[in-house]
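First, one chain by itself: the form predicted on its own, in structure tokens.
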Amino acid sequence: MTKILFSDKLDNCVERWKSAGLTVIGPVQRSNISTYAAIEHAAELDFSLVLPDRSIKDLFFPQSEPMLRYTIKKESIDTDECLPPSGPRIIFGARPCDASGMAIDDPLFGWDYKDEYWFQRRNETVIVTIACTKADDFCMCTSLKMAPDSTKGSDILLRPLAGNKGWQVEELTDRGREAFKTIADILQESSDPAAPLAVVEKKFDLDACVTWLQNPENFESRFWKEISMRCIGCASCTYLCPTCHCFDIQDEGDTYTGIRRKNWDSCSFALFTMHTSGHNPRSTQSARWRQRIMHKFNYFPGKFSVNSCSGCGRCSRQCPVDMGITETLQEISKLSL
């Protein structure tokens, strides 16, 4: 017998969590964009999506975030730190690839400096993922040695029941178990079988790609220019990626008062590596695309022992010129033969 959360009890769960002081967040459709946002009722949740347009990264690493406000006086500068909003929350219905992205970035944000903004949100959030029973041509989790029911980064994994009647509940962490204590009397014991998982075909040989990328002789390969010719440097792939984490810090204000902000940036932008001298070490789009691939599958794993990609496929799914990481690694797989 397995713990079951039946669909018709979900609204009771939402009310119970809200009464316990948690903000409830889930996949929704807002202004023709699918994203993760706070809800009031279970009816707002949209589980029909293969994957929302936006990832849960936005909830831990906002696109723009104030760091401090400052006032310049005659003999001093007053500063006031802008702390992130606090409070427990539960993300219900995230996809495993999105939860994996958070776990992938944890070592980065806690490396030489512990980013309190990131870890405060991480520690206050319960991530409830739903195993995928459908996929599209862009999904590539299996190519990254993950699966439609990966538990990486999840506190609770839900396995959909046949007929969309509800979900089998797998409690993975103490944080998840604590959140589900609140709804313990709503859960039921049942032997209802789980629906089959989505079939996600393996699209490239990851090990072969990594070996090719690690070979110094391939750094100046003509391949980079050929594969990147379509790229327009719009950065939609990096902004939608669950693991991309580049940011810039800028001061906004006048002579006397202002605010310091942390804003997303992207290695796809020409100005990303522009020096004050005017020199740009990555002045071409091919160099920037090479950096993106090298970072995810060579530099990042070299430092943190994990690839900086969760296999969600958003980079290809949303690309205006129909390219992405999948296509690039497929071509590298051919070069490795």
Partner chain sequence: MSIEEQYRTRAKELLSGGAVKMVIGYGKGSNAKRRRPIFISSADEVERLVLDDACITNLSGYLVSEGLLSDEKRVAVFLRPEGIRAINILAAESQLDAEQIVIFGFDVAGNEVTALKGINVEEFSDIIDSIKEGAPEAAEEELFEKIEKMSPQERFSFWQKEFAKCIKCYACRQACPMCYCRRCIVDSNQPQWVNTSSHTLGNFEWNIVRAFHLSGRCVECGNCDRACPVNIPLRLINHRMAEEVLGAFDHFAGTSKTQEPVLASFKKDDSETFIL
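In this text, all values refer to a predicted model and were calculated from it rather than measured experimentally. Residue numbers count along the first chain shown, from 1.
Not on display, but discussed next: the form predicted in complex with its partner chain.
S.K.: May I ask you to state whether residue 229 is within 4.5 Å of its partner chain in the predicted complex, using heavy atom distances?
M.R.: Residue 229: yes, in contact with its partner chain in the predicted complex.
S.K.: Even though its partner chain is not shown here, does residue 44 get within 4.5 Å of it in the predicted complex, heavy atoms only?
M.R.: No, residue 44 is distant from the partner.
S.K.: Do residue 10 and its partner chain come within 4.5 Å of each other in the predicted complex, heavy atoms counted?
M.R.: Contact check for residue 10: no, nothing within 4.5 Å of its partner chain in the predicted complex.
S.K.: At the 4.5 Å heavy atom threshold, is residue 162 in contact with its partner chain in the predicted complex?
M.R.: Contact with its partner chain, no.
S.K.: Among 239, 117, 204, 180, which has any heavy atom within 4.5 Å of its partner chain in the predicted complex?
M.R.: Looking at the other structure, the residue within range turns out to be 239.
S.K.: Among 149 to 157, 79 to 87, 130 to 138, 188 to 196, mark the stretch whose residues have heavy atoms within 4.5 Å of its partner chain in the predicted complex.
M.R.: One stretch meets the cut-off, namely 130 to 138.
S.K.: Any chance 54, 318 and 327 all have a heavy atom within 4.5 Å of its partner chain in the predicted complex?
M.R.: Contact check passed for all of 54, 318 and 327.
S.K.: Which of the residues spanning 24 to 62 lie within 4.5 Å of its partner chain in the predicted complex, based on heavy atoms?
M.R.: Read in sequence order, the residues that approach its partner chain (within 4.5 Å, in the predicted complex) are 31, 32, 33, 53, 54.
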